[in-house]
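Only one chain comes next, encoded as structure tokens, the form predicted on its own.
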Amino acid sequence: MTTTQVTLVQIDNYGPWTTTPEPRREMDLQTLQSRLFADVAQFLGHRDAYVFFTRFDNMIAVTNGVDGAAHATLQESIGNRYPVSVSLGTAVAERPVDALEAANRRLQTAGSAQDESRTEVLAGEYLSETDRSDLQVAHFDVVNATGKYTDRLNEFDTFINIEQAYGSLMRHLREAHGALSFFVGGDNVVAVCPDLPETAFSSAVEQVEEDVDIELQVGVGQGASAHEAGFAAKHALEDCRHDGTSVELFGAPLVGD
């Protein structure tokens, strides 16, 4: 069994802030969002966690191994260096989506995301040393994306194809397995999953091809942290590319093997 610790990073009262006292320049907002994401990614990455930009004002992190004190330090650091503050909700569950639901509820219970009096909430449960178990990460990409799309189509049409594959994949994994999937650039998608067998990933690849006629391949890994599991998944994906297979597993044996 795998266990995932998920943290929701939510900018406090961000919508109203962007228009007060008047609407702010769009590129200034994009710069702030990208720098904030980069700082959160660097902080958590140094602790072997992953964070995904999602909608930028709400970021989702996989924080196995990151305790409450580290979360408090992250929150304080952002408050000291940015004109906005963040609230952090953290929860633990076997299915990543269940952990995210619980993390969301912790912030929603404290007040609206656009409530100016609800700031810097720090609420959650964290995996203890004795409770920790591995988590599972899958790394997908499009088979021969450069040859099929990048070198043949204009960039926007290429982007549409990649986003269609991502949309189909994230819906399938969310609905079928309670997994959380994130576009991470290029033609890559990283999915944080419960303990799934190889057949589940084969089915996901087949579902996307049937749905949007785009061929995927996936490497799957497990580990004590998002980095460890994700790095194993990267190695497994390299095996796909080398051997021409659609699904490869790396590291700890998976259910159903």
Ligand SMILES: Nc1nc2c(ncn2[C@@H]2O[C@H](COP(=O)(O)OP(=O)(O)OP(=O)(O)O)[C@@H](O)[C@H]2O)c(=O)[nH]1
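Please read these numbers as outputs of a predicted model, since none were measured by experiment. Quick note: we count residues from 1 along the sequence shown, nothing fancier.
Unshown form predicted together with the named molecule; subsequent notes refer to it.
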query: Thr146, heavy atom within 4.5 angstroms of the named molecule in the model of the complex; finding: yes
query: 4.5 Å heavy atom contact, Gly79 to the named molecule in the model of the complex; finding: no
query: Val184 within 4.5 Å of the named molecule in the model of the complex, heavy atoms; finding: yes
query: Arg241: touches the named molecule in the model of the complex, heavy atom cutoff 4.5 angstroms; finding: yes
query: Interface residue in the model of the complex among Thr54, Asn188, Gln33, Gln207, criterion: non-hydrogen atom within 4.5 angstroms of the named molecule; finding: Asn188
query: The single option of Val142, Leu88, Leu180, Ala91 touching the named molecule in the model of the complex, heavy atom within 4.5 Å; finding: Val142
query: Listed range touching the named molecule, judged in the model of the complex by heavy atoms within 4.5 Å, from 134-142, 111-119, 171-179, 95-103; finding: 134-142
query: Residues in 218-236 with any heavy atom within 4.5 Å of the named molecule in the model of the complex; finding: Lys234
